[in-house]
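Next comes just one chain, in structure tokens: the form predicted on its own.
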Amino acid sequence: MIVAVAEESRGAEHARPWIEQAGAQYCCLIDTEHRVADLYGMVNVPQAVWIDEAGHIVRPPENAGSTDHFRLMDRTTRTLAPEHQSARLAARTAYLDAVRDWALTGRYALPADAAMARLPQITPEIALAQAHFRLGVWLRQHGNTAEADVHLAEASRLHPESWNMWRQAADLDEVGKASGEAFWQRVHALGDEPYYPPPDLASAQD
């Protein structure tokens, strides 16, 4: 089964338009405290974790079929060239096909030791970042904006790889900020580093 989890500190109504637009025919949960991201080490969306019928993780968190082609978008028209659209769709289709293949045949599942090796490590800095983030969100919800922003900024400083924390803090500050100029500046700062690291499916086909 598929379970989608929206990390949305502002509650279900802010996630609802995305779920309705997707026409989801599967379970959609709302994680207002980002606990799923904390537990599995997720840093961006969409990320997926594959869990088998015995409850074992067979593919740790990975990019679920999105690509960096969005970085080539015409930001005025918010469009992509046809060849980039095609490449983006091909990557998404390939990932979904792999999920279906795994469900039917078991292919693409990693051995236990390989899955364990790929699990994100929760360092003391990341654990502290999670605490600062949760406190910052709580302070925001209770009207203490100035103190909240200190904790949210510290969360991103301690765990800069977490786009989830940064985007949520940005949208708490100003609706749309997480996809505005501040977002693009942060993306450009990556240089050659990918925003969406491609999943390594080829090494687990057998």
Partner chain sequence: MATVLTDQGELTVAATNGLFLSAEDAERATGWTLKPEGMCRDDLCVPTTVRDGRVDVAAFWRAVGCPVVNDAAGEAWVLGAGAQQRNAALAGLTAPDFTLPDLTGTPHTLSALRGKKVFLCTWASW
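On a predicted model such as this, the values are computed, not experimentally measured, just so you know. Residue numbers count along the first chain shown, from 1.
Although it is not shown, the form predicted together with the partner chain is what the next lines describe.
Visitor: Wondering, does Asp171 line up within 4.5 Å of the partner chain in the predicted complex on heavy atoms?
Guide: So Asp171 counts as contacting the partner chain.
Visitor: I'd like to know if Glu161 sits close to the partner chain in the predicted complex, meaning any non-hydrogen atom pair within 4.5 angstroms.
Guide: Heavy-atom contact with the partner chain at 4.5 Å: absent for Glu161.
Visitor: Taking the partner chain as it sits in the predicted complex, is Gly180 near enough to touch it, meaning that at least one heavy atom pair lies within 4.5 angstroms?
Guide: Heavy-atom contact with the partner chain at 4.5 Å: absent for Gly180.
Visitor: Would Thr77 show up as a contact with the partner chain in the predicted complex if we use heavy atoms at 4.5 Å?
Guide: Flag for Thr77 set to no.
Visitor: Indicate whether the candidate residues Arg35, Leu39 and Gly55 are all in contact with the partner chain in the predicted complex, with contact defined as any heavy atom within 4.5 Å.
Guide: Judged in the predicted complex, Arg35, Leu39 and Gly55 all sit within 4.5 Å of the partner chain.
Visitor: Using a 4.5 Å cut-off on heavy atoms, which residues of 1 to 40 contact the partner chain in the predicted complex?
Guide: Heavy-atom contacts to the partner chain in the predicted complex: Met1, Ile2, Val3, Ala4, Val5, Ala6, Glu7, Glu8, Ala12, His14, Ala15, Arg16, Trp18, Ile19, Cys27, Cys28, Leu29, Ile30, Asp31, His34, Arg35, Val36, Asp38, Leu39, Tyr40.
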